[in-house]
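We begin with a single chain expressed as structure tokens, specifically the form predicted alone.
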């Protein structure tokens, strides 16, 4: 046998998720259409925040593009440091979100894995994920000289009251008028009903997929969920997302039925909090697998279904503002702690891994308080990893490996 011939491990091949290739194919088609010259594609493009109300865009035949998704791609491609440093040379401080720095710098040089994002015709910003997006999108609106719509969502510290409901409902109405003006046509309410139903169905399927890890062994880990998340973020409200998630759910159920876990030996079950460390996904995944620890759930990928318990299926558009205001990240520390406690119990986890993310302040500010609440109420070990989602300069491999080893010994 030639020395350079790759030896295939049949057990490893059996554990691979077959839908991965379909996911890559769909996302490639999505970006190819978006990057087609405007005269040929015939559809306007809107850049929108990851937690923004995308469904009206689909109803108006607008292609949504997510700079945060591109930030994740930049991080996974290990192109983050170069772009972050370029943004810092432009005057943006290193403490600013690395998604924002990477996107702002990328726009000036067509940087990143696909040579930059297609230019927007409008920007849609919802501050339910953080306050940084307000200034980030203002910068990009000035750079591209395009209109910007901001949906301001009050934080749900303890409860969502009637004043908050009226406030976001009025803004949803303004959002529709904004789209009509920019697109130059009347809003299609009949199509909005269809898109709303598809959005709800896609989120239901995504939650069902995440819930398959309640089984032992878990058919996937949160590192797999980080990959398959792209569909519910990017194509939420489309038939494509529903069809794909039906296929992925069927595969997960088949894996459960056959007892195929992602780990050869699942000994410990853990919950992850905060965004992924995109440039070290494989490294982290392998470190936990080598220690028989399966990350069975996370607060990040489940965030796109966090408002589902409150959904009004009969009036999706009327409920739009409230639904986006009630996402996990737009809530108070006590609610976030309760959410993790529910996940630990639901997925029968033995511990929690926190990623203290230098870039994402809203996600990270309360984590030490949440850590103490969980240790007090559940009495389980927790681990705090300090890093950044895109900027590799904030990652210390030896320090994090030492902390993982110490954490595993406590389980």
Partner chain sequence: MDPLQLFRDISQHPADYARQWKTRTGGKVVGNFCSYTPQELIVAAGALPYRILGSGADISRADSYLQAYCCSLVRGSLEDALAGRLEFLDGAVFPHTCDSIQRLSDIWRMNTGFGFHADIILPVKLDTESAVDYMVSVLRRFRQDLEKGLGVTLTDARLADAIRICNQVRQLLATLYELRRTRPGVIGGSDLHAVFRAALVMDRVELAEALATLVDQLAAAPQSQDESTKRIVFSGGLCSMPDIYRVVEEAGGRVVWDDFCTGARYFEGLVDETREPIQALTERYRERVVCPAKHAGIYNRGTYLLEKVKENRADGVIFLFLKFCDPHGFDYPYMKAMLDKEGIPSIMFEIEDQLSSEGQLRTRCEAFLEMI
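Positions refer to the first chain, counted from 1. Nothing here was measured: the structure is a model prediction, and the numbers come from that model.
What comes next is about the form predicted together with its partner chain, which is not displayed.
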query	finding
Candidate stretches 166-174, 294-302, 77-85, 263-271 - the one whose heavy atoms come within 4.5 Å of its partner chain in the predicted complex	166-174
Among the candidates 206, 288, 324, 136, the residue which, in the predicted complex, approaches its partner chain to within 4.5 Å (heavy atoms)	136
108, 161, 314, 239 - the one with a heavy atom within 4.5 Å of its partner chain in the predicted complex	161
Non-hydrogen atom contact residue 132 with its partner chain in the predicted complex at 4.5 angstroms	yes
is_contact(residue 220, its partner chain) in the predicted complex, heavy atom dist at most 4.5 Å	no
Partner contact for residue 199 in the predicted complex: its partner chain, 4.5 angstroms, heavy atom	no
Touches its partner chain in the predicted complex: residue 33 (any heavy atom, 4.5 Å)	no
Site check 154, 357 and 365: each within 4.5 Å of its partner chain in the predicted complex by heavy atom	yes
In the predicted complex: members of 375-406 within 4.5 Å of its partner chain, any heavy atom	386
